[in-house]
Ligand code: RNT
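The data below hold one chain only, encoded as structure tokens and taken in the form predicted on its own.
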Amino acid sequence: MYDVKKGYEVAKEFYARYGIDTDKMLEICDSTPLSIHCWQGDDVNGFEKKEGGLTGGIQTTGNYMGKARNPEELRADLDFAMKYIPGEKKINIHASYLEADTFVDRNEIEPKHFENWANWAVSRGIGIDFNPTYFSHPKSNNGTLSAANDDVRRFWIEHGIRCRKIGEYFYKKTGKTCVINHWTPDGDKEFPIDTIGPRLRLKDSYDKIFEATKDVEGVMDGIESKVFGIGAESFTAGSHEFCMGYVLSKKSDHIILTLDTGHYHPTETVSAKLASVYTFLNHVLLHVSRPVRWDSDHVVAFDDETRAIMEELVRLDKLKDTYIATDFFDASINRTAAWIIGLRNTRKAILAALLQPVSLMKDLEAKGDVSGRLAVSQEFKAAPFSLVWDYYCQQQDAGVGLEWLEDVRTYEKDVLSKR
């Protein structure tokens, strides 16, 4: 291993020439919470006492050894992964990850069914984010919040109401805001004739959920859109236009827009949407994933779009106003490695963005010096960012470079392979 501290001093001197305080940027990076999705550890199965597989256009591929089979194993795997994910963290769970001795249906869940999650989070000083599970249920086959069947729709409205109350429970237990994400896979495989009816029902359902829980505290609610899903290729009730329109119409402090990096047409990018969205909204919930051809939820890479998103948030001065969560699930590789790789790449992209000479580039732009702006932005693509990242990981005892990889292999041999 090279002298990490010496490397950092070299990088620090380089960045200082451009007015960048690396120590300050490290503090900002470290204090930016990242919400770790629990469903990577068990392939989105959850712990309901029921039979049946995934629905709602969600698929996992692969059968790698060591999938978590119960809450204790899942939390143990998260504990292991978090050792190598530096910075402020939260855990993100779905309603289907409840714990109960007997089957509890979605419209009957209560805070007591998540007590173990809350106590575990408190003991580790982290917050919990939450998600209603509007899929993988017998009553989700023909729509949920937009269903034409009134009884089905009432069932899912009650589920949403209970989820917001559970979110408040997490807030009161952990002392940290609980960010709830509302996504429903409602749609049509073929071309529907009535395209407004489902959306009017979806709007009404959201209205009823929020009205019934208007006194809930400590909860932020993201409304998430999607272009299409498997089985809903031709029509999605919760489209981007619907979700953005709904959020803007509510003019609420807690109802915000969710932007998922995999939920748009392949030619669209979330990085290009952020400024427009932030022109009208104060907060955004960001789901970081990696689509390959479609919303395939691959492990987050340190790729151009992930970097562009974080650069845009820094340039807009909106990093502090954005709730960042990961959302991917890969059953073809070691699941703890997937967490570590994806979350480290997300954090790495934040740090890389913070180490950009934003003020200098803005000044050049304001002066009309487009050539200078381009020159600076391109020169910094080769800046010694990795030296700062290695120093940060060393300071956080999170493993420099690939030091963590051998520990993953040992954990696989000693723990995962025996499941």
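Start at 1 with the first residue shown and count on from there. Keep in mind the model is a prediction, meaning the values are calculated, not measured.
What comes next is about the form predicted in complex with L-rhamnitol (RNT), which is not displayed.
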{"query": "L-rhamnitol (RNT) in the model of the complex: contacting segment from 197-205, 144-152, 222-230, 116-124, heavy atom within 4.5 Å", "finding": "222-230"}
{"query": "Exercise: D295 in contact with L-rhamnitol (RNT) in the model of the complex, heavy atom 4.5 Å", "finding": "yes"}
{"query": "Heavy atom of D129 within 4.5 Å of L-rhamnitol (RNT) in the model of the complex", "finding": "no"}
{"query": "Contact label in the model of the complex: H263 to L-rhamnitol (RNT), heavy atom within 4.5 Å", "finding": "yes"}
{"query": "Distance check, C38 to L-rhamnitol (RNT) in the model of the complex, heavy atom within 4.5 Å", "finding": "no"}
{"query": "Heavy atom within 4.5 Å of L-rhamnitol (RNT) in the model of the complex - the one residue of R344, H159, H94, K90 that qualifies", "finding": "H94"}
{"query": "Contact assignment for L-rhamnitol (RNT) in the model of the complex, among I350, L26, A68, V44, heavy atom within 4.5 Å", "finding": "V44"}
{"query": "Partner contacts for 321-348, taking L-rhamnitol (RNT) in the model of the complex and a 4.5 Å heavy atom cut-off", "finding": "D327, F329"}
